[in-house]
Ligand SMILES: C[C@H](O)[C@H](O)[C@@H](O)[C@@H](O)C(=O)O
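A single chain, nothing else alongside it, follows as structure tokens in the form predicted alone.
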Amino acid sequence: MSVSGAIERTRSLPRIAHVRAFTVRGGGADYHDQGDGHWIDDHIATPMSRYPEYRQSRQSFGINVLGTLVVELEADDGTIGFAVTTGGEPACYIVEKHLSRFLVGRSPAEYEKIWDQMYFSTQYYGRKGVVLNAISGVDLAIWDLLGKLRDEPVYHMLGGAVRDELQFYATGARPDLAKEMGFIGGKLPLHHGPAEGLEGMEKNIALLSDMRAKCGDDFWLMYDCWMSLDLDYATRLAHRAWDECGLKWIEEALSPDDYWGYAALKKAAPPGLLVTTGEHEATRWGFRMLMDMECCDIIQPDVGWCGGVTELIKIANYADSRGVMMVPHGSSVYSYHFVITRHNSPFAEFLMMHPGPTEVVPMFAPQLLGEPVPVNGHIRASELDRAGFGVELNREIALQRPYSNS
């Protein structure tokens, strides 16, 4: 096809005619919104663990109050692209009442200009958090729509696969079972923070030691600290976990805004132990801070929170130029299509959303239909060979549309 022909094909793409934002409760993209007895809500260390009344359950302080955001974009030919992330009703309002003006009548091929307008129009009240979740949801829906209009998987539009399959580590309470299921490593939630003192530290090390004994020396073990530690505690935990249990990495140990603390932790960590963070960071500017200040060995953006695929491209390119590994936070197909195209993303995260977790189940169920799951810790690239992100929205779930942009 000639250059002029390609330009004309892009110009002739159907335009976005309708923007709809829904919220839904229970699991899925808001994976913390689980029932009683789920491992993900069982005495996990958080910044709120300093308060005894909020220590046992993360839901007690409201980790699940938002629910899932579903963004649906319908083109004027009836084709629908969609995406799910977190944000719930507040994000619905932002999408319907603010961001929709940059979408209706536009071609999804204009994703760069649309992203720029969404970000800078909300900068005075946004930049991170729920606003970036909303922007991310819209951006992912744009890529899904564009892929469906072009009849291409998103990963083809991102340059194609650089390997034949994805390999995964598992996040959950049972790394020993994850090893039996074929995963390359297991990431545990840290259960006890600084407020629980030396006794809590000993319990953390004891759990890790038990898992090391069950998994053997050749299996990766990691600790997810979920922003719960201070520099002193994180440093002591890092050294003990490395020396006594061979910990592979310590993740998101400090507040995401404490770049200086992360830089100090990376310098103080034992050689060989990786410092990782970025799950709750957003945009190229936030990740530039992490990398320029040498805060970590691996960045972990969540494509549903950091700005979507359009922004993740920029983050990943900067990481590649700095020689920094990027392993996105678990976000199902939305990260799979990206990781398969990147040499500096050699493996991916899989969140074990079974309550046990004693079996592999779809990560964003019940909201996504056709979601691939690892078999023996792997997903073949060919399993992503469906248009867009390759999944469909489950129309049987209780979607609520609290606002309208009409």
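In case it trips you up, residue 1 is the first one in the sequence shown, and so on. Here the structure is a predicted model, which is why all the values come from computation and not from measurement.
Another form, the form predicted in complex with the named molecule, is not on view; read the next lines as being about it.
Enquirer: For the interface check, one of 64-72, 333-341, 349-357, 368-376 should have non-hydrogen atoms within 4.5 Å of the named molecule in the predicted complex; which one?
Expert: Only one stretch qualifies here: 349-357.
Enquirer: In the predicted complex, which of the listed residues (311, 96, 196, 279) lies with a heavy atom within 4.5 Å of the named molecule?
Expert: It is 279 that has a heavy atom within 4.5 Å of the partner.
Enquirer: If you check 228, 204, 133, 171 against the named molecule in the predicted complex, which one has a heavy atom within 4.5 Å?
Expert: If I apply the 4.5 Å criterion carefully, the residue I get is 171.
Enquirer: Applying a 4.5 Å heavy atom distance criterion, does residue 48 contact the named molecule in the predicted complex?
Expert: Judged by the heavy-atom cut-off of 4.5 Å, residue 48 is well away from the named molecule in the predicted complex.
Enquirer: Please tell me whether any heavy atom belonging to residue 90 falls inside 4.5 Å of a heavy atom of the named molecule, as the geometry stands in the predicted complex.
Expert: Taking the distances in the predicted complex, the answer for residue 90 is no, it never comes within 4.5 Å of the named molecule.
Enquirer: Taking heavy atoms and a 4.5 Å cut-off, does residue 251 contact the named molecule in the predicted complex?
Expert: It does: once the named molecule is placed as it appears in the predicted complex, residue 251 has a heavy atom within 4.5 Å of it.
Enquirer: Please check if residue 329 has a heavy atom lying within 4.5 Å of any heavy atom of the named molecule in the predicted complex.
Expert: Within the cut-off, so yes.
Enquirer: Residue by residue through 370-406, tell me which have a non-hydrogen atom within 4.5 angstroms of the named molecule in the predicted complex.
Expert: Contacts from 370-406: none.
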